[in-house]
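Next up: just one chain, as structure tokens, the form predicted on its own.
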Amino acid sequence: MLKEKTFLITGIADEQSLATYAAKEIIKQGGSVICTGLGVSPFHKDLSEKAKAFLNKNFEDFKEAVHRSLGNSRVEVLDITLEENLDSLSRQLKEEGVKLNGLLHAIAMDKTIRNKKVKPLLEVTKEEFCDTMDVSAYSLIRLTRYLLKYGVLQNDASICSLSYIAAAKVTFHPYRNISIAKAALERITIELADELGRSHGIRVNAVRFSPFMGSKAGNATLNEEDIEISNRMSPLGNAAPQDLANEIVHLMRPKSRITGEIRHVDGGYHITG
């Protein structure tokens, strides 16, 4: 289905990341992937030794996870908040003749979540709010803009992002700040679907997945009881990461007419949760 197609994959933190499952299925379907992870770039300024050590370890862990799960798939350093980093990577891909047929946006960050505790919204600072919005939502616009600027993202490409039910409603497993950013991400998805569909024939969709503890993101707030409750509430039970990967590949396939969708891969949790 995806033979000779190339996709940019963001958001891999470890082998259990949802983005990893999606990348595996893309490769299984004949495609190739370029994976980006947070690390030290030439564009980081005035980093402390502690920050450098953190970023270097993060990139090494990311690279090892990619190579264990996805073979010798290409890895690149990308800080989604740095315009210079995005410009440099996009220009490099252009110079190498790389043509992307799609990208997976699976990046999110929220400093108000610590040790499975969520800060009340009224206590969230402007800086915390804007940082979360920048990384988790606006980054989709920024990344797409640079890939299009250099002609790397092709016409008829597919963009897919990861969201979840808390973007639309308050759940029994509480989220606050990140939920607002995901709601913005979904709205961005719809607006980009209109703009890019008309200008480049590019499709843009988002997928909401079941509560999942396997990834670092899910493990930050969820516990086993949450998973058990959502499993009971879902008519088909919780979806598995492979279900999500299958849907992403479905949305990535060429010549589709699916765009502007907020899809649910959650066993029906969204109709009861």
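When you see a residue number, it is the position in the sequence shown, counting from 1. Computed from a prediction, not measured in an experiment: that's the story for all the values here.
Just so it is clear, the following notes concern the form predicted in complex with a small molecule, a form of the same protein that is not shown.
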Note to self: Between Lys216, Lys28, Arg68, Lys57, only one gets a heavy atom within 4.5 angstroms of the small molecule in the predicted bound form; which residue is that?
What the structure shows: Lys216
Next item on the list: Select from the listed residues Ile80, Met133, Ala167, Val118 the one whose heavy atoms reach within 4.5 Å of the small molecule in the predicted bound form.
Entry: Ile80
Notebook entry, point to check: At the 4.5 Å heavy atom threshold, is Ile113 in contact with the small molecule in the predicted bound form?
Noted result: no
Check: Closest heavy atom of Ile107 to the small molecule in the predicted bound form, within 4.5 Å or not?
Finding: yes
Next item on the list: Verify the contact flag for Ala13: yes if a non-hydrogen atom of it lies within 4.5 Å of a non-hydrogen atom of the small molecule in the predicted bound form, no if not.
Entry: yes
Note to self: With the partner left out here, check for me: in the predicted bound form, does some heavy atom of Ser230 sit within 4.5 Å of the small molecule?
What the structure shows: no
Next item on the list: Look at the stretches 144-152, 72-80, 89-97, 195-203 and give the one with heavy atoms within 4.5 Å of the small molecule in the predicted bound form.
Entry: 72-80
Margin query: Whether Gly102, Thr189 and Thr259 jointly form a contact site for the small molecule in the predicted bound form is the question; each needs a heavy atom within 4.5 Å.
Written below: no
